[in-house]
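Before any questions on binding or motion, here is one chain by itself as C-alpha cells, the form predicted on its own.
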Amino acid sequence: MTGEDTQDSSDGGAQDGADDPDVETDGGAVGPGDGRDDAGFAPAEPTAGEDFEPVQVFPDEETMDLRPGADDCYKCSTCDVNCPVAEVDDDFPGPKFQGPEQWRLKQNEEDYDVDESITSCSNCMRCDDACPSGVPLSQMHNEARGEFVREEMSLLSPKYWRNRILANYRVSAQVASVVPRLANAAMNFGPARWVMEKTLGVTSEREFPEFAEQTFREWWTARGGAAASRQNAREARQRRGDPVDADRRVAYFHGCYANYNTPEVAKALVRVYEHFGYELVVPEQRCSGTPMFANGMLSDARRDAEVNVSSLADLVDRGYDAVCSCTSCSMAIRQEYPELFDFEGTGEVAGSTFEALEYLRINEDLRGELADASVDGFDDLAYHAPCHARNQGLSRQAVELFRELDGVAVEDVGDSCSGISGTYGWKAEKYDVSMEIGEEMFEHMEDAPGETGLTECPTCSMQMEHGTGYEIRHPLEVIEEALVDDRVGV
C-alpha cells in the first residue's frame, strides 16, 4: 500500500461528507434564515503525496531552525523528571536529549542520524508543560520522529506498516463500521489477535474497542442534522428565557473515536449544548492527527489537518467557535497545528477551538446549574485527568464541576500518566512499559470509592478499563444526565 492508496481508501467514505449548516436539507429542513446564503464548506483538496515541510516558528530566522528554542534549554532536567517513560524505562534518554540536545547534534554534525530512541517517546507532551524556559520540546520531538521515519525507517518493515495502520485508525474504523458486528467478532477473535501480534506487533494483551452499530454521524443525519439542532436550540433558549435569536453557534469536532466507537459521548455533547441554547454543526473532518504525530507520520497528519483547518476556518470566519469532546483533538488543533503547519487559517482556527467543558465553563454558569441538579444511576467516580488536558490547564475541571452535584462523588486519582498514550500502549514492545506507567493510576482508582472511572480521553479510558475492569464514563455523560430532561432524537 502506498500513501496514495491510503488516501484513496479514505476519500470515499460517507463519514467525510460535509454537514453544511447553511444549506441543510435533510428531512425538508430549512437554512438558518439569517441572510447567509453562501454555498457552505469548500475544504481544500487533501495533499496526498506531498511531503511534510516544517514551518518557521522563529521569525528572525530565514530557514527552518529550532536552535533558538534549543538554546533556551539550560539543562535543568525538569522535563526528564516529569517524563513518565523515563521514570520506568532506564534505557530511554528522556525529552531533554530527544529535544534540544538532539537538535544541536543534528545542526552541528554532518550526517547526524536521529536516534531511534525517539520512537520510545509517547508524545504525552508533559515535558512542554514542565519546562520553565518555554523550550518547544514536543515540537522538536514531532519533527525528529518525522525525520526518523522518513530517512531511517524501512518502508518494507512490519513496524512501519504497524505504525501506519495504528496512526490511520480512521481509515480502518471507517471500513469496520460498515459491518460492526463482524468487525467486533473478528478483531477480538483469539487466533486473529495472536496473528496480529506475531506479524505486525500489535499486542494481543488488549481487547479491541467495539465499533458502534450506528456511528455518530449516521445518528446526526437521521436526527435532522444542523436544522434539527437549530430548532432544538431555539426551543431551549425560549425555555430558558434567553433571546430566541441569540447568536450561539458552535462547530463540533467529534474526532474518530466518538464517531465510530463511543457515539454516546458525542450525543451527550449535542444534547448538553442544545440545552444551553447552542446551535451545532458537524463539519467535514478527518483525524485530528494526534496518532500520526506520535508515529512520525507527518505527511499523513498534514493531509488530514488541511481538511480540518479548511472546514473549521470557513466556520470560524462566520463567527462559529469549535469544540472538541476529546482533549487530544483540542490539543492537536490548538498547539500542534500551529507548530507544524502553515495552512491559511491555522492560527485563527487554533484560537477559536476549545475543549467542550472548558467552553461551557467560560460562557455559561455550568457549575451553578450542576450545583442545583442531581443524578441517578452513577456510581462514585474516580477521575483521571489526561496528560493532554493537563497541558491545556484543564486538569481539575471535572472535579470542580461535580463537587456539589447531588447523587455522585468524584475523586481525583492523582496526576500520574495513564501510560497508554494513544497508539503507544498498543505496540507489543511498549505494552509492559505502558502498564508500568499506568500502575500508579490503577492503584489510586482502586483505593477510591466506587468502581466507575471518569475521563475525557478515549485511550486513557481504554487503559483505565484495561487496568481495573471498571466502567469508564465521559464528563459530558454526567452533565447530560444531570441537566437534560428531554433527550431529543434518542
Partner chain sequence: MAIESDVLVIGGGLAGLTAGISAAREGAHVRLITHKQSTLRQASGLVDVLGYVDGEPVADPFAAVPDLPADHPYRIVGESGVREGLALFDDVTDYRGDHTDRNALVPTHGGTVKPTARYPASAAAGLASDDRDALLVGFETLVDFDAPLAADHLGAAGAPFAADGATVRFPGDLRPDAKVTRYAHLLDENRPVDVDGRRLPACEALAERVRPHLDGHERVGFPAVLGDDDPAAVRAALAAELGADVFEVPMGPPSLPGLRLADRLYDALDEAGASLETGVPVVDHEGGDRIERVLVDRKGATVPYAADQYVLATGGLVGKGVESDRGGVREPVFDCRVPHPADRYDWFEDGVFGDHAFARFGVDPDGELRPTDERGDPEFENVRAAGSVLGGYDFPAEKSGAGVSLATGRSAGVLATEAL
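Positions refer to the first chain, counted from 1. Keep in mind the model is a prediction, meaning the values are calculated, not measured.
This next part talks about the form predicted together with the partner chain, which is not shown.
Heavy atoms within 4.5 Å of the partner chain in the predicted complex are found in exactly one of 157 to 165, 231 to 239, 89 to 97, 258 to 266, that being 89 to 97. The three residues C131, S395 and R403 all sit with a heavy atom within 4.5 Å of the partner chain in the predicted complex. Of the candidates E152, D245, D365, E109, D365 is the one whose heavy atoms come within 4.5 Å of the partner chain in the predicted complex; the others do not. Of the residues V178, C76, A192, A222, just one reaches the partner chain in the predicted complex with a heavy atom at 4.5 Å or closer; this is C76.
Among heavy atoms of S120, none comes within 4.5 Å of the partner chain in the predicted complex.
Contact check for V81: a heavy atom falls within 4.5 Å of the partner chain in the predicted complex. Of the heavy atoms in R334, some are within 4.5 Å of the partner chain in the predicted complex. Remark: Q102 does not count among the residues lining the partner chain in the predicted complex, judged by a heavy atom distance of 4.5 Å or less. In the predicted complex, the partner chain lies within 4.5 angstroms of at least one heavy atom of each of the following residues of 344 to 380: A350, G351, T353, F354, E358, R361, I362, N363, E364, D365, R367, in sequence order.
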